[in-house]
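Just the one chain here, the form predicted alone, laid out as structure tokens.
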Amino acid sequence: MFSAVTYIIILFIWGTFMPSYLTPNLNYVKGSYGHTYTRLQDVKDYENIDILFLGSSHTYRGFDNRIFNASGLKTFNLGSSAQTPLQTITLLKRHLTRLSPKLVIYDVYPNTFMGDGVESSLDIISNEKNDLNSVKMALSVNHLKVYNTLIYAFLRDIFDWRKNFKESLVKGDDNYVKGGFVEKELAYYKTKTLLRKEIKFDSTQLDAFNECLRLLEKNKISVILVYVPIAPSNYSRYTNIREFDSVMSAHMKYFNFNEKLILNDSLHFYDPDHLNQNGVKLFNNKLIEILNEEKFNR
């Protein structure tokens, strides 16, 4: 008991006063990359929406709320950097009841099913008040850095040290758009040769993914799974994409937009994974067209 209390006290002092290079197993970064802090404050202003977007950076950089709003759809983008299903279920349990979406569009980027969830866990723990769902997430990820950061974050929450923090809406090339989207200053990707890659599902992530779908089904919310376009040179590197498509389509309605749109590496992307604003417009308009064809009820 003495050792545990001493550890917590030292952890708090170390995390507060020591530079980051001396805290390799504690990574508390408020207002980190991707405007997660602002997004998780912004979400409190939304309820009874038409569409909720879920997923990784492909989500908050790929679904522009302004384009959907122009079509009369009230939306919110709850994506976060490297978000895996373990973080998605945590966010859903916190915000789903209030948001009460008619439809969830869930980006199913293959890498999120293969990752350990550490990066995204740290991002969410650092940028939103923590609760029992944070503990469950940390236990599922089961990593020292996540445990340390969660303990430190709980202590920070006690003193409410976030209350005076305000994140800039413009950070470098990124501009936060109300509703959760982050617009990147227009840039173009220069194609590079990438190594071949096989998609391998992590069982823990797949279980969390199924838990997300069960929660949405329980709340009678329609779901569409979407593979947001990545650069064609990146997409072609996957050796078993048909197997991945088969697993996704077995769950519910699924659209792989890498097969539905003809996009160009150097015209529609700013890196191998993310659409630039030109690509976002093409993708979003195509998705809205499909939603109209599917007779999505607002």
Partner chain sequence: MKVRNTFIIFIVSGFWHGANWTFIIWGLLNAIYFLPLLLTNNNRNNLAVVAKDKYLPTPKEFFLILITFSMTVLSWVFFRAENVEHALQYILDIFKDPQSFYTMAIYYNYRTIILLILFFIILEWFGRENQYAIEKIGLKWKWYFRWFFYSFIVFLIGMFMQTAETPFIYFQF
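Keep in mind that what you see is a predicted model, and the values were worked out from it rather than measured. Positions refer to the first chain, counted from 1.
Just so it is clear, the following notes concern the form predicted together with the partner chain, a form of the same protein that is not shown.
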Checklist entry - Given that the partner chain is left out here, which of Q205, S140, T75, N148 has a heavy atom within 4.5 Å of it in the predicted complex? => result N148
Checklist entry - With the cut-off set at 4.5 Å between non-hydrogen atoms, does N292 touch the partner chain in the predicted complex? => result no
Checklist entry - Can you check whether L11 is within 4.5 Å of the partner chain in the predicted complex, heavy atom basis? => result yes
Checklist entry - Heavy atom to heavy atom, is T23 within 4.5 Å of the partner chain in the predicted complex? => result yes
Next on the checklist: Taking the partner chain as it sits in the predicted complex, is I158 in contact with it (heavy atom to heavy atom, 4.5 Å or less)?
Outcome noted: no
Checklist entry - Which single stretch, out of 263-271, 42-50, 245-253, 24-32, brings residue heavy atoms within 4.5 Å of the partner chain in the predicted complex? => result 24-32
Checklist entry - Quick one: which residues from 1-17 get a non-hydrogen atom within 4.5 Å of the partner chain in the predicted complex? => result F2, S3, T6, Y7, I10, L11, W14
